[in-house]
Every structure is written in C-alpha cells, then in structure tokens.
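As a starting point, one isolated chain is supplied in structure tokens, in the form predicted alone.
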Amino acid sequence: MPQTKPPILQLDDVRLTFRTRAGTVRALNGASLTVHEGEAVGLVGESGSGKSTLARAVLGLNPERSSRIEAGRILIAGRDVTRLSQAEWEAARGHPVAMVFQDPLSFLNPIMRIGRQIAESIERHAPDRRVEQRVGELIELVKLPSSLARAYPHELSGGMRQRALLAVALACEPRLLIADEPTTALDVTTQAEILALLRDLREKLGMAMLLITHDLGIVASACERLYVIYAGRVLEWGRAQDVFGAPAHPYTVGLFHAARADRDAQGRFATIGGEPPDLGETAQGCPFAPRCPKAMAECARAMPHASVLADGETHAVRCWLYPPTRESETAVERLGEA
C-alpha cells in the first residue's frame, strides 16, 4: 500500500498538569486531536475547558516550571515533540506550526514598528528571503495599507493589530496556523473580515488551521471538522456538518442551545446549569456528569469509551447514552480521535 503523509498535528491521549500552591491541576485529561494537511479544524468549549492550554502545549508555550505532560504524545508532521527542551522548542516554533493569539496587543512589541516586527520573523524563519520586499508582500497579503509598516501597535485598531500579528505568523511560512480566539473583542463586521481573511489565506497558501473558539457560529462558517472539549477531555468530534446536524453529547447540545439563544419553558435564555468541575480533583467518570440532564449512575463511575455514530463513520462521541460496540471501536480507529 502507498505511504500516506502523517497528519500535520496529532495529539494522542495527552495528560497535562499544572503545579500550584493549592495542588495539582489536571488541565488536559487524555485529550486527543488530529489535523491533516490543508484542512480547517475547530476546537470548541467553554472558558476553562482546556482549549488554549492544548494549543500552547503544541508549541511548548505552557510554563516550563509549573506544567508537565504526564502522559501521551504530541506529533508535528510525524515528529514527536512531547519532550523537547526549551532550546529545541525555540528552533521548532514557527515552522511548520505558527500561532496567533486572542489579544494581539499583548503579543506585539509596543515600542517596535509593525514592519520591523514582521521583518524579525522573516530573518529568523526565512533568511533566504529579501526582507524588505517580503514585509511588503505580507502586509499586502493580510490586506493592510503599506503605510502601516511604520506604525506602532497602539496606533492600530483591534482588527488591524490582529492582521499585523497574522503577518508575523505567516512570515514563518507555517503549514499549520493555530488561531486562538482570533475574533475576541472585535465588532461583528471586523470579525467577519478576519474570518474571510483566514479562509482566503488558507486557499492561497494551502495551509491547515486549528481554530480555537467558544463561538459555534465561527466554526460553522470556517471549519470542516470540529472537536468539543470539556474539562481537558474531548467529548465529541467529527465532520462539522454531522455534529451541527445531530449533536450527540448533552454538553454539545447545551452549547448549541446557548449559541442559538434558545429559551427554556420559563422564557429565559438557555444555559448549561451547574459549575465547571474543579480540575484539582480526580474524577473517575464523565467530567460533565454533575451538570448533565441525562446523567445515569454509570456516568459517575467510569469514563465511556468512544463510540462512532451511524452517520457514515465521520462522527464520534464519548457518552454512556451511546455504548460502544465492537464495530464502533473499529470505526473509531479509522476515524482517528482523533
């Protein structure tokens, strides 16, 4: 059989903890995810669900002294990067994976002109390029006026700063772009412009994207597949059209009701009741069980195995409402939890 290229990103059962004064916090509790070359994948969940921690783990950006990957592995283009040293990470970041963050003002140097910041990225990751020419190309690529190369970050609007940070990331010539809440704090019109720009860049550059957000509407318009994460564990994943068409896990269903601003029997906006779990405590069962309207006794005792749903083997869930079968286990392997 012909060899196929490995995924550009693969996380296998990653367990990551933080050491704090109050004890150990289990931020990722067996998270798995796959992004293939050229595809757009969404990672969705409430605040505190582990989305940004997962993204930072991919690039070794979690604090070295307080964080630790206890188990599992992270592969980038087939290379295991789970145990890289900080020096090795500094050489690896940017290509093949780069990242843009949700608050560009915190990540752009406030006393350095935008053009100079883009140039630094080019000099480090693409030293064979003509720097000045490449800066102009990248500014044009993210649809900013050429004059903004001489501007400082504080002189730009929120949307312009996000485009500038995107230009810095693209200077690394990544095969995968991780976009962590790229439209946070932007008005609706600017959000739409940034999403349209990301779609355009993916098509032009043949680049894969991992889009991290709590906004299901963004995922619907920008992603081919999605993962739903809660308490550091992926509970549902599959093709976006399948998950949107028939959300299976009660947590996913709750997210959809909240996103659509549905109302309950009393006319109040739908919310997910209860509080997120304390990640400092060890839970044996499904982490969503204390908040789940369909919880059973089994839910508190053990975490369910993945089960592929009957919609073409492109949609899977971890929930006792869908007990796995032998055929389902085989299908999960083909789907890739992924």
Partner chain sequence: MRRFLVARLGWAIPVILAILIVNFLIIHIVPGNPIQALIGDFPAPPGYADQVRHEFGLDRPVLTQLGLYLLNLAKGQLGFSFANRQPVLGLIIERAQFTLLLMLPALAAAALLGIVMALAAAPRAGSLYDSGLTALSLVGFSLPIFWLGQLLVIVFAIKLRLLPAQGMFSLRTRLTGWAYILDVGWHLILPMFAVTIYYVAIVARVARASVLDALSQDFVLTAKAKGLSRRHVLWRHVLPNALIPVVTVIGYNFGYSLTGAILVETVFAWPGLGNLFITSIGNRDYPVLQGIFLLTAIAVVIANVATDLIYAALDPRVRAAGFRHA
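What you see is a predicted model; the values in this text were computed from it and never measured. Positions refer to the first chain, counted from 1.
There is another form of this protein, the form predicted together with the partner chain, and it is not shown here; the text below is about that form.
In the predicted bound form, none of the heavy atoms of residue 191 sits within 4.5 Å of a heavy atom of the partner chain. Among heavy atoms of residue 152, some come within 4.5 Å of the partner chain in the predicted bound form. Contact check for residue 86: a heavy atom falls within 4.5 Å of the partner chain in the predicted bound form. Interface membership of residue 187, defined by any non-hydrogen atom within 4.5 Å of the partner chain in the predicted bound form, is ruled out.
This chain is displayed alone, yet in the predicted bound form one of 93, 134, 175, 257 has a heavy atom within 4.5 Å of the partner chain; that residue is 93. The partner is absent here, but in the predicted bound form a heavy atom of 116, alone among 116, 129, 199, 79, sits within 4.5 Å of the partner chain.
Heavy atoms within 4.5 Å of the partner chain in the predicted bound form belong, among the stretches 139 to 147, 216 to 224, 241 to 249, 121 to 129, to residues of 121 to 129. Contacts to the partner chain in the predicted bound form (heavy atom within 4.5 Å) from stretch 45 to 79: 56, 59, 61, 64, 65.
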